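Only one chain comes next, encoded as structure tokens, the form predicted on its own.
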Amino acid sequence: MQSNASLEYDYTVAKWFTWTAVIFGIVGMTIGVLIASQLAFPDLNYLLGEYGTFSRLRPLHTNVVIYGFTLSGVWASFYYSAPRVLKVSMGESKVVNGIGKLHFFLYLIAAASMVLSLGMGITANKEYAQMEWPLDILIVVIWVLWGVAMFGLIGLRREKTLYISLWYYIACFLGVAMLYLFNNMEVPTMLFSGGVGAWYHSVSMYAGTNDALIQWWWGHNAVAFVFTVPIIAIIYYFLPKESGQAIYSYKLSLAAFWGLMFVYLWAGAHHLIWSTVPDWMQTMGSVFSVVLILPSWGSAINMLLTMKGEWNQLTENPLIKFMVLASTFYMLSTLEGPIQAVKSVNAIAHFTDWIPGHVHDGVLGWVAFMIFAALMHMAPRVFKREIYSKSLLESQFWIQTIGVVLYFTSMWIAGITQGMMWRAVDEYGNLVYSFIDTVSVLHPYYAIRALGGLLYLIGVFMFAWNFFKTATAGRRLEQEPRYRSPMA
């Protein structure tokens, strides 16, 4: 048995997922900028015929960013950090290593199939669950393989204690497994339609309000267990490793974990406020959403206090900048969401552009910033090369920060303007504004959003170039850096 000091980690699977994260980040966010531009300039809908319309590209954008970019980043960070905190290399077990590689290749097939099918308009028409049943089955297999690899590593571990990051990865695995299965219960239509219809088409086993409740039990928790829980796992590992600081409070990390697990599962009904679902369910969604502030801020404050006494690193290390600002955006997003879930506020916010504004300050500011920081922290250690350009990282940080701020502030203003105009009535109770009036008023804000998205996309390309050059042309390192990542 190798000693911990001499253990050589096998980063093969982690490397593969870093590259898919970079590629899907470019693809997903390029499509995002295009569809944002289409809302500001509708003629852009006709560039590519039916394949270039907003309705065709929007689900492609959301799914590529969630299941392409984000999951690739999550899995890259897992296959890098889990062996290190467990003190066991993937290469020590042919079975676990083989499962990890099979996980990657089946994921690549599923991701490519998802892009192709959604691009062709083949969809199950459920938010964040658009894939039809053949792909759903493949996704279940992929998810199970990740679980086998995860618990296989845990079973082989030399380190007795499971670090908090692993708690969050396990929660991600279990939460998505349960919710995805329940929401995607579907029946192939050919079985019950006398052979009519495409073989891949299906219908949900649920109907009406039941379908809506199950859908948003999943939909909101896709945000919880893909955009939140594994990203917390990432920052709890990478912030201490990059800064050289121990987590401020391990007890707080555990308390926040259990609070998040209990509360987050029941907040999904806030997507259905003012709908036909039972009023008590709407109220439950609102209440749990407000309570959700406590464990969310518990994690975020713990992250920020980890830097106590070391704030000078913000001026010296761009990766710390990304992580600290990501934590700040996490606090902002997890305050904004509960506010929108209060019924009186939701009456104005529902169906408006304030909602995508909220989603994107979380996704762009919290999720993507953390994935960028994690991948760039990994790069010198998996490729054994110095980060190619610190100045490029600094420029990326400021360009993307400006982009995020332009995005969510324009959508805040647009959304509240929409909500107020839709509700405005004259002394006779008639609507003051027509729908087209709101569309005309919002045009400049849509243009600002597209500009913010473009700036963010420029940052993505800067990151991709920096990452590629680090992997291929960065100065070779004689030994692995212990904490702060070396950069030119």
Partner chain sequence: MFHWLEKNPFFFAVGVFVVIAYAGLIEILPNFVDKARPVKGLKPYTVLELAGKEVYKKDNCIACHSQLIRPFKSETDRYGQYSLSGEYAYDRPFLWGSKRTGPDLHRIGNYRTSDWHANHMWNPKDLVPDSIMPAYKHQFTNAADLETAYAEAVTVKTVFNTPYDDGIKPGKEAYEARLKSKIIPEALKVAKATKREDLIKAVKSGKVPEVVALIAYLNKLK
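Numbering follows the first chain given and starts at 1. On a predicted model such as this, the values are computed, not experimentally measured, just so you know.
As for the form predicted together with the partner chain, it is not shown, yet the points below apply to it.
Can you work out which of S113, T409, T189, T417 has a heavy atom no more than 4.5 Å from the partner chain in the predicted bound form? Flagged contact: T189.
In the predicted bound form, which of the listed residues (L108, L102, I399, L254) lies with a heavy atom within 4.5 Å of the partner chain? It is L254 that has a heavy atom within 4.5 Å of the partner.
Want to guess which of 451-459, 25-33, 65-73, 433-441 is within 4.5 Å of the partner chain in the predicted bound form, heavy atoms only? Selected range: 433-441.
Considering only heavy atoms, tell me if Y388 and the partner chain come within 4.5 Å of each other in the predicted bound form. Although the partner chain is absent here, Y388 would stay clear of it in the predicted bound form, with no heavy atoms inside 4.5 Å.
Whether Y330 contacts the partner chain in the predicted bound form should be assessed with a 4.5 Å heavy atom distance threshold; does it? Y330 lies outside the contact set for the partner chain.
My question is simply whether S193 lines the interface with the partner chain in the predicted bound form - judged by any non-hydrogen atom within 4.5 Å. Judged by the heavy-atom cut-off of 4.5 Å, S193 is in contact with the partner chain in the predicted bound form.
Check T123 for me: does it contact the partner chain in the predicted bound form (non-hydrogen atoms, 4.5 angstroms)? T123: contacts the partner chain in the predicted bound form.
Go through 255-283 residue by residue and record those having a heavy atom within 4.5 Å of the partner chain in the predicted bound form; state none if no residue qualifies. F257, W258, M261, F262, L265, W266, A269, L272, W274, S275, T276, P278, M281 sit within 4.5 Å of the partner.
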